[in-house]
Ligand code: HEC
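Okay, so here's just one chain, in structure tokens, the form predicted on its own.
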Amino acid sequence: MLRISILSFLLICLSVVSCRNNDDDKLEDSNYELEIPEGFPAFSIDEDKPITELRVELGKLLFFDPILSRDSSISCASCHKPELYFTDGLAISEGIENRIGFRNTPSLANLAYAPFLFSDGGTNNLELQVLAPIEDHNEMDFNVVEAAERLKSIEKYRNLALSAFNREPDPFVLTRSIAAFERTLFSGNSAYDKFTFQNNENALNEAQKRGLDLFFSEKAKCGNCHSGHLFTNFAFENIGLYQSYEDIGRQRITFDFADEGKFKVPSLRNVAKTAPYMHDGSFATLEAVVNHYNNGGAGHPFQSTLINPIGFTEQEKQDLIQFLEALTDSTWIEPFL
């Protein structure tokens, strides 16, 4: 994605209150009750970014509205489709006028916990992340200020903005509301969760139980990076996908040659439903992913020392894939279908 312009950043930081609404016209607002999955750590809400019912409602409406793209043809949900677990099923995302984007679309599950956004960690701020697709030439190809002006002409958006933020739609309202909505997207009700946190011994079949043991074993070492409740340590790793990377990954951000080919370790939650895989969508199936790790990578100079030939048996491969399928949680997408 393109770097967010300094102008847009300043507009968000320096936006001033405009056109306050008459108190009699305001909708009632209240704190949004987050439904944090069992077994997940508590989530601390930033006091400067309160999550309220109306902020989430406004953000949800904007997320699904193509009005934020220059030609009003695509929305955030065009690439983050609920029925595809908030991905799009494409190797590389597509924007307006069928323009090809930059990378594979990630799922939005459990963004509230993410310390970095984008696969190269380009920002640690969800509000700023919202700007990137809007202003990217190959995605929405618009300007956040002009997008906010469009919203001012729509009564429902004006009313919600004034009630939730005490200001008319502007870049601050636009980015804060979508970020608030995205922070409500929790996924943690898979068969694995039932087995691990709800003491349901029958939630996993025997193959999935073997796969779980293998996943965290010294042989596979999957759990070294795909750890914790989100199955990611949020580190940046070069997994030896290529000997030469067209997309240099984390190096774009740090300018450090040692970061060439490093990408954020993705969460494996719902991974069986979010193909294709890798930053460029180069693997179509979980079988291909498992084979890559089993073979030990392509041998890039900065490849992680954790990536080495493993020697899985065919049974172990299938057990591992079955375990990954047990990380699927369909309940979090049901309200959007």
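Position 1 is the first residue in the sequence shown; the rest follow in order. Computed from a prediction, not measured in an experiment: that's the story for all the values here.
What comes next is about the form predicted together with the ligand, which does not appear here.
Chemist: Using the partner position in the predicted bound form, report whether Pro266 sits within 4.5 Å of the ligand, counting heavy atoms only.
Modeler: Yes, Pro266 sits close enough to the ligand in the predicted bound form that at least one of its heavy atoms falls within 4.5 Å.
Chemist: Does any heavy atom of Ala161 come within 4.5 Å of a heavy atom of the ligand in the predicted bound form?
Modeler: No, Ala161 is distant from the partner.
Chemist: Spell out, yes or no, whether the shortest heavy atom distance between Phe118 and the ligand in the predicted bound form is within 4.5 Å.
Modeler: Yes - in the predicted bound form, heavy atoms of Phe118 and the ligand come within 4.5 Å of each other.
Chemist: Would Leu54 count as a contact of the ligand in the predicted bound form, using a 4.5 angstroms cut-off between non-hydrogen atoms?
Modeler: The answer is no: Leu54 has no heavy atom within 4.5 Å of the ligand.
Chemist: In the predicted bound form, does every one of Gly188, His300 and Ile333 come within 4.5 Å of the ligand, counting any heavy atom?
Modeler: Not a single residue of the candidate spot has a heavy atom within 4.5 Å of the ligand in the predicted bound form.
Chemist: Partner absent here, but in the predicted bound form, which of 163 to 171, 223 to 231, 193 to 201, 145 to 153 has residues with a heavy atom within 4.5 Å of the ligand?
Modeler: Within 4.5 Å of the partner lies stretch 223 to 231.
Chemist: Among Ile239, Ala112, Ala207, Leu128, which has any heavy atom within 4.5 Å of the ligand in the predicted bound form?
Modeler: When the ligand is considered in the predicted bound form, the option within 4.5 Å is Ile239.
Chemist: Going through 316 to 331 from first to last, which residues have a non-hydrogen atom within 4.5 Å of the ligand in the predicted bound form?
Modeler: Leu320, Leu324 sit within 4.5 Å of the partner.
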